[in-house]
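The chain below stands alone and is given in structure tokens; this is the form predicted on its own.
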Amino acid sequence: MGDHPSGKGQPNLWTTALGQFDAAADRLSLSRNVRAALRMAERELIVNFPVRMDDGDIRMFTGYRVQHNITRGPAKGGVRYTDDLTLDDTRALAMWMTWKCAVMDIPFGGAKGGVVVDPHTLSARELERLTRRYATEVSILIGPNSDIPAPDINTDAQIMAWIMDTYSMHQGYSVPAVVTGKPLAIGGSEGRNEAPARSVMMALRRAAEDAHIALKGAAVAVQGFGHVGGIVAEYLRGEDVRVVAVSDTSGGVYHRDGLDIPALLRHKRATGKVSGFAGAQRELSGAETLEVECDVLIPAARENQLTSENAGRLQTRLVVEAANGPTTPAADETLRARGIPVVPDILANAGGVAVSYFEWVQDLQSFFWDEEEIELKLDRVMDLAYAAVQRTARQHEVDQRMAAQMLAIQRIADSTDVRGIYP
């Protein structure tokens, strides 16, 4: 199977997501009726809205909110601000959120949203006005019992605070549970910021053990040195793992003996990029970072990074997906044929949605847990999810991605069957 090129030369995410679903549904012998119900998003909202810029001009923006499935509970999913966001991207990411919540056995469905914008071109006041107007436009869908947004690419706790405040102003009272990933001062949760990286580390440890890779002294490459990748790199360095290569949108850096991650983080904060780091032996392109010799490769950037073009050149023993959708189906086939195991995104990076669930529960009950309790709960949920995926993989003799998809889809199918079709 080859990659399906989109207009930008990359596989279409929705095509990828549907292909993964169809393959898992075939193995599950899913009925035609249930397959039809799960293959489509339940709701898709496109909004076009004006924002007054600082110079007084009015600029139109397009935003999306897609709810893929809400059979098991309220929709849950991030909001991203990127200038290349499409409705198909949003559909695919919403579907993957459905499977991610089901793999973790969390009572949420999947959603995703965002605005077509490069937020780095906006002032802080313009960004706030855009966020509040987008929140107003999608308020017909979001709510603490219906659809709970969270941060994603180019959005953060402050943007979640603006969405929460906007929604609350419409209601006439504070509604902290309408979003997760917000500041602690207004109902955020301890441990939320580190949660995706923590779950990646937990999955990495288990997968490395399964692959007979000793982590102490192991070489790891991290593509993407942002919110998740940067924290993962810190965790790795703290466990005597050699982080030999790191990249961001500026390029990459390499050191055979392991990069000084605290110093690299200081450099990134000071310059906004990893390139130019004095502690590197040499500089790399982002593409080269994926192909360095290492024991573990962690793609933590964007979708469609491991493709049919580069999968045959990877020099790693294990891939752990910290990003959403970084591996195309064609690359999956190549890696499988080469015997390189992949821990899929819907398992590896699911710590974010798990702690988002904890945050939502805490907001609803107005009773909060400390960081130690959050971490214990996350560890427990991740252990159960990883074990369930491994059992499914052994039972059906499939890889982890197929096993995670089959486990998730079966759980949603069972819920759909029990609830029946209204009316």
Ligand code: NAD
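Counting begins at 1, following the sequence as shown. As the structure is a prediction and not an experimental result, all values here were calculated from the model.
There is another form of this protein, the form predicted together with this ligand, and it is not shown here; the text below is about that form.
Of the candidate stretches 121-129, 157-165, 232-240, 190-198, only 190-198 contains residues with a heavy atom within 4.5 Å of this ligand in the predicted bound form. With a 4.5 Å cutoff on heavy atoms, L318 does not count as touching this ligand in the predicted bound form; it lies far away. A residue is said to contact a partner when one of its heavy atoms sits within 4.5 Å of a partner heavy atom; S174 fails this definition for this ligand in the predicted bound form, lying far away. Under a 4.5 angstroms non-hydrogen atom cutoff, this ligand in the predicted bound form has G226 among its neighbouring residues.
For the chain shown alone, K182 is not a contact residue for this ligand in the predicted bound form, no non-hydrogen atom being within 4.5 angstroms. For the options P151, G113, G109, P344, the residue carrying a heavy atom within 4.5 angstroms of this ligand in the predicted bound form is P151.
Distance criterion of 4.5 Å from any heavy atom to this ligand in the predicted bound form singles out R302 from the list R205, R302, R266, R256. Not one of N12, R91 and N310 is positioned with any heavy atom within 4.5 Å of this ligand in the predicted bound form.
Looking at 245-283, the residues that come within 4.5 Å of this ligand in the predicted bound form, counting any heavy atom, are S247, D248, T249, K268.
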